[in-house]
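First, one chain by itself in structure tokens, the form predicted on its own.
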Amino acid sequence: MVEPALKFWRDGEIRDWATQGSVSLLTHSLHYGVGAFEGIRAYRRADGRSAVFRLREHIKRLYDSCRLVMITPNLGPLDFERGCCEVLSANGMSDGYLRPMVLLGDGAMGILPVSNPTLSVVMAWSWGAYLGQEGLDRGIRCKVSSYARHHINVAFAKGKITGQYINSVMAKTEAKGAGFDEALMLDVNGYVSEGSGENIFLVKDGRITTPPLSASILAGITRDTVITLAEEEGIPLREAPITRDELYLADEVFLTGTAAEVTPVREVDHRTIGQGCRGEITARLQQRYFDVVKGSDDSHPEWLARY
């Protein structure tokens, strides 16, 4: 169970969670799912200093999500960036998970939010390995879900919009109920899309493949990070559609995301992937990723927002 930090940020001010960490039951976003959010991690690095990883890119995507659903935030991107750092500092957190959100508050209660105020918040909590430390080390077991990823003309695949995640919730619930760790979702044409909250990569004959941004996938910031690191490591990578049978026959599969970080997949639909453990390329990119976010690799200072 997540325990929120004692302090959070709302509309430009640090506030106490115990007395002000709630909203009205008439909050429009609660009823109709029109809101935007982000997930961001801060890490304490090897030098003892702390940094938020790719903060600017996350906040930019938050504002892009707002634009998609025609929400005008009541504060600017730089305010949110400061708010994220202020929340961590106010709670004395050297590392942690941040959840910025833009919501539509109480007011009009029809479908059309004509007079609802915009709420801007940043919450924080401590969160370890999202899919478990064993998952990071050994790999996880996945199930291809019966729930499809949203069609690109039905929802905004590039937005982190609150109401759109219902099919991810159902897919994850289905997978866990069947004894698996995570769900993998196909698009409506049957191509591999992503996990319930992660991007997906497969390795075959030394080459990495991941679905293209033109597919119904989130433009993951960790995905982008791994693509950059793979290029720097000289590992061939292409963005191309992936079929289910290609997934089953892969030498390695791994998932990426702010919460999931770089998590290997050892089994899909009762089929062992590769040797049934974390593969060589996955391990190489996972190590490089952790070196960048919390180790001593200083090759990308532009990705680190110190606080």
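Quick note: we count residues from 1 along the sequence shown, nothing fancier. Keep in mind that this is a model prediction, so the values were computed, not measured.
A second form of this protein, the form predicted in complex with a small molecule, is not displayed here; the remarks below concern that form.
Using a 4.5 angstroms threshold between heavy atoms, H28 stays clear of the small molecule in the model of the complex. Taking the partner from elsewhere, Y165 is found to have a heavy atom lying within 4.5 Å of the small molecule in the model of the complex. Proximity of T258 to the small molecule in the model of the complex falls within the 4.5 Å heavy atom cutoff. In the model of the complex, C84 stays away from the small molecule, with no heavy atom inside 4.5 Å. Here the chain stands by itself, but in the model of the complex one stretch of 205-213, 221-229, 72-80, 107-115, 221-229, has heavy atoms within 4.5 Å of the small molecule. A single residue from the set G197, P100, G135, G96 has any heavy atom within 4.5 angstroms of the small molecule in the model of the complex; that residue is G197.
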